[in-house]
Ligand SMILES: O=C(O)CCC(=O)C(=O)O
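Shown below, as structure tokens, is a lone chain in the form predicted on its own; questions about how it binds or moves come after it.
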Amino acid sequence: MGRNFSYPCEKIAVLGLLSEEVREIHETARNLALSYKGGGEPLPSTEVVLAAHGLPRRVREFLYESSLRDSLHAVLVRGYHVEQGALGPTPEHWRQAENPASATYSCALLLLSALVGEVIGWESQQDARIVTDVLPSRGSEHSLVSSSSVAELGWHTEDAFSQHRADHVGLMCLRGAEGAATTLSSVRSEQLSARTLELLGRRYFLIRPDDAHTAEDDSGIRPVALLGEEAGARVLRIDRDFTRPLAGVEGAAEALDELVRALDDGVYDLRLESGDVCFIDNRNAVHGRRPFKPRFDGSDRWLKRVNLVTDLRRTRSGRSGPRSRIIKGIES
């Protein structure tokens, strides 16, 4: 994969928080954290949304307007303060990641997320938690999931195997790591041949769940398009490590290879630092992570993550939106 260390400014909208905005967001998050219990339904969504409406106007306006811009790969809010001493050491497994300090940051991420969309979780991922934790785990260093470290996390659209995948992926960096940049890429129609565009728009490909979805297997997967039409817009859907062409479809393998090459050529790095909150557009951009060496000494990289849909009640081109905040399976 290519290495472009300066991200394209026209593809990333950035807001630097003012000190008074940080204080107001953090105070609201701390109040919410008093009733935060973790797990699949940490807070009533209405409580979070109403609290988010009280955040500083400049923040609300930026996130709302930026999330509507289809040309963006990501929206970045910088300058939120993470108190490292109070946070405590980075745990070695997501099951150990909940403590009073990290709960406050989970609530801060939920607050900002409520200005972008509605948060969902997966029954098959991290015990159906709405806010999940991304950190290196022993034994997973070379795996193909987000708990990896030494191995590069291949680019993908989040949960590409499912029709109920997120519209946006929200990340809050509590603690960064040298070299562990988030990777982003996208593809323009003019980069691909007409024949490839035609094939990618047909249901000629299979995407299986990655190993982070512990209860999923390949039995329910159905052929999908990788550049399909939803609500009149072309939507990208692919996982570099888990996508394959249907057997016997002439040209499908070559079309997939062409798309992979175009995405590889466009990869660039976005370095998330402590306090950064990033919302990646999961409809037109892929994301991954550069390899890094974990220390397992409490100082390792630690992110909070949420999945967001634009509207739980929506129907887009035959894609019925989930009515529940917890998604139960591949096609449910």
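Everything numeric here is computed off the predicted structure, so don't read it as measured data. One-based numbering along the sequence shown.
Heads up, the form predicted together with this ligand isn't pictured, but that's what we're talking about next.
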Query - Contact check for 60, 74 and 278 against this ligand in the predicted bound form, heavy atom at 4.5 Å - result: no
Report task. Look at the stretches 282-290, 64-72, 22-30, 44-52 and give the one with heavy atoms within 4.5 Å of this ligand in the predicted bound form. Result -> 282-290
**Report entry** Single option in 185, 137, 182, 162 placed near this ligand in the predicted bound form, where near means a heavy atom within 4.5 Å
**Finding:** 182
Query raised in the report: Looking at 158, 98, 92, 258, which is the one with a non-hydrogen atom within 4.5 Å of this ligand in the predicted bound form?
Result: 158
Requested in this report: Look up in the predicted bound form whether residue 146 has a non-hydrogen atom within 4.5 angstroms of this ligand, and give yes or no.
Outcome: yes
**Report entry** Exercise: residue 192 in contact with this ligand in the predicted bound form, heavy atom 4.5 Å
**Finding:** no
Report task. Using the partner position in the predicted bound form, report whether residue 153 sits within 4.5 Å of this ligand, counting heavy atoms only. Result -> yes
Query raised in the report: Is there a non-hydrogen atom of residue 236 within 4.5 angstroms of a non-hydrogen atom of this ligand in the predicted bound form?
Result: no
